[in-house]
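Only one chain is given next, in structure tokens, and it is the form predicted alone.
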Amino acid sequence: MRHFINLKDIPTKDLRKIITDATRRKKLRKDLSALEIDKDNPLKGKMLVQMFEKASSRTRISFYLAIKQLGGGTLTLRSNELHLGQGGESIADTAKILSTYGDGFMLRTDDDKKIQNFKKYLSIPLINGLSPSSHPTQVLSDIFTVEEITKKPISKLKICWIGDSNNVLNSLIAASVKFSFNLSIGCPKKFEPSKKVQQWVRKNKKKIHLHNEPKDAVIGADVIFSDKVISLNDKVNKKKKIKEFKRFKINKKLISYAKKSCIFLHCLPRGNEVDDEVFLGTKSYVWQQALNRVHVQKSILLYCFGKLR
């Protein structure tokens, strides 16, 4: 049984196999509509249970389409609809019930410990749909998108992140170690990645490049990533934080320091961290990026269900 919880815990060869399968499957769906099932129908009769403790648009819809296109079905739950959310049932008991009814479990949560507790008691695969420290399905899909657009392996590219050190960046850092790409991070000093994350990178004999001036981070970049400065449920002084990131707003002037062929990606939803001129401009591939979540998550599901070729 394979879980998909954190990129740093999954062998690089398996991550690459998922991307390769997603590439093949996307090509085969060229003439199919959203709800048509893949011809090989690999997950016929399988059910994915999804539980959301945090708001979701892309993750919710893309996993619904992913399991549907593979021939299976999905049941979507909110934790406050269950005895678990009301404090009347333990994670252990809930996990056993989910394992009885479903074939896989996708959890989007605001508690990393909850992911680990479910992993301990589930007898079906667990997929992390987002947790405070990690967003692995998003970032693996982003790597797929980068390689699809640039026609180059990501190891040959300079990747730049402008913004807060959050769960998406943590997974991007893990990916930079797994796929050996150059990662440059631009953010204010006090918002740099945690010491724990930086120590993990050094332990794996890799390096990330930290810059407190946005221009320095962007110079020579092939890809610029960003995310909202104020994340969902971010318990900070929002006005103060936005002010501290004011110099890091992605606009035409900042992006001019990157390569002319540079592309812009954003995991969405967006805030004030990027100008419309960039977000809606010719360098932006955010809609293709969002759509690709479906294709990569299909291959993640196949990996977890032991059906990946």
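Keep in mind that this is a model prediction, so the values were computed, not measured. Residue indices: 1-based, along the sequence shown.
Beyond the structure shown, there is the form predicted in complex with phosphoric acid mono(formamide)ester (CP), which is absent from this document and is the topic of what follows.
Chemist: Which residue, Ser184, Thr145, Thr94, Gln138, is the contact with phosphoric acid mono(formamide)ester (CP) in the model of the complex, using a 4.5 Å heavy atom cutoff?
Modeler: Of Ser184, Thr145, Thr94, Gln138, the residue with a heavy atom within 4.5 Å of phosphoric acid mono(formamide)ester (CP) in the model of the complex is Gln138.
Chemist: Among Arg58, Lys26, Lys46, Lys68, which has any heavy atom within 4.5 Å of phosphoric acid mono(formamide)ester (CP) in the model of the complex?
Modeler: When phosphoric acid mono(formamide)ester (CP) is considered in the model of the complex, the option within 4.5 Å is Arg58.
Chemist: Go through 26 to 34, 236 to 244, 267 to 275, 280 to 288 and give me the stretch that gets within 4.5 Å of phosphoric acid mono(formamide)ester (CP) in the model of the complex, heavy atoms only.
Modeler: Going through the listed ranges, the match is 267 to 275.
Chemist: Using a 4.5 angstroms cut-off on non-hydrogen atoms, would Arg108 count as touching phosphoric acid mono(formamide)ester (CP) in the model of the complex?
Modeler: Yes, Arg108 lies within 4.5 Å of phosphoric acid mono(formamide)ester (CP) in the model of the complex.
Chemist: Is it the case that Arg293, even though its partner is missing from this view, gets within 4.5 Å of phosphoric acid mono(formamide)ester (CP) in the model of the complex, heavy atoms only?
Modeler: Because a heavy atom of Arg293 falls inside 4.5 Å of phosphoric acid mono(formamide)ester (CP) in the model of the complex, the answer is yes.
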